[in-house]
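Single chain ahead, by itself, as structure tokens, in the form predicted alone.
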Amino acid sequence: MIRLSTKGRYGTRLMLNLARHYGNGNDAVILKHISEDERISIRYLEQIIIPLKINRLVKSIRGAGGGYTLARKPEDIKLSEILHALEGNCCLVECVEDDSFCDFIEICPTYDIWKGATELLKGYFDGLTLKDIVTMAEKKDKKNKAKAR
């Protein structure tokens, strides 16, 4: 089975948390609050934030009221960018991204299957922005609140 790592899943939740705070006056959020909200170890968040900063998806703000914020608007950050920063290239098999990986590609009976599936996955992740994910999360929150009544 193909699985996203914990780093990719938790990093997406971290970015969703920052997106939910974006545009609320003080956008900066400290990792301790994200850790509490998302129930993710602060030490793990400290590791995850590094590649997100390197890839210019988040920025740090120093001083009073400091913390982390999105480097761009939620609608300008694609899920594919987040996953690429945390997971690397999104491909099911190495030969899809690097045709020098295998000399068998031209006659491989399954190559086109893996290539097609990779393109579908990339297209899906490329079509979702953080703003879309916030909207999805808000709908889920409303649905869960309605069930709790």
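Given the structure is predicted, the values throughout are model-derived calculations rather than measurements. Numbering starts at 1 and follows the sequence shown. Under this definition, the rigid core comprises the largest set of C-alpha atoms superposing within 1.5 Å between the forms.
Another form, the form predicted together with a further copy of the same chain, is not on view; read the next lines as being about it.
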TODO: Although a further copy of the same chain is absent from this view, report whether R39 comes within 4.5 Å of it in the predicted bound form, heavy atoms only.
DONE: yes
Open item on the list: Please tell me whether any heavy atom belonging to H21 falls inside 4.5 Å of a heavy atom of a further copy of the same chain, as the geometry stands in the predicted bound form.
Closed with: no
- [ ] Tell me, yes or no, whether L120 is in contact with a further copy of the same chain in the predicted bound form, where a contact means a heavy atom of each within 4.5 Å.
- [x] yes
Open item on the list: Whether G116 contacts a further copy of the same chain in the predicted bound form should be assessed with a 4.5 Å heavy atom distance threshold; does it?
Closed with: yes
- [ ] Quick one: find which of 61-69, 27-35, 40-48, 89-97 has residues within 4.5 Å of a further copy of the same chain in the predicted bound form by heavy atom distance.
- [x] 89-97
TODO: Taking only heavy atoms into account, state which residues of 133-148 are within 4.5 Å of a further copy of the same chain in the predicted bound form, ordered by sequence.
DONE: I133, M136, A137, K140, N144
Open item on the list: After core superposition, I'd like to know whether F101 moves between the shown form and the other one (criterion: C-alpha shift of 2 angstroms or more).
Closed with: yes
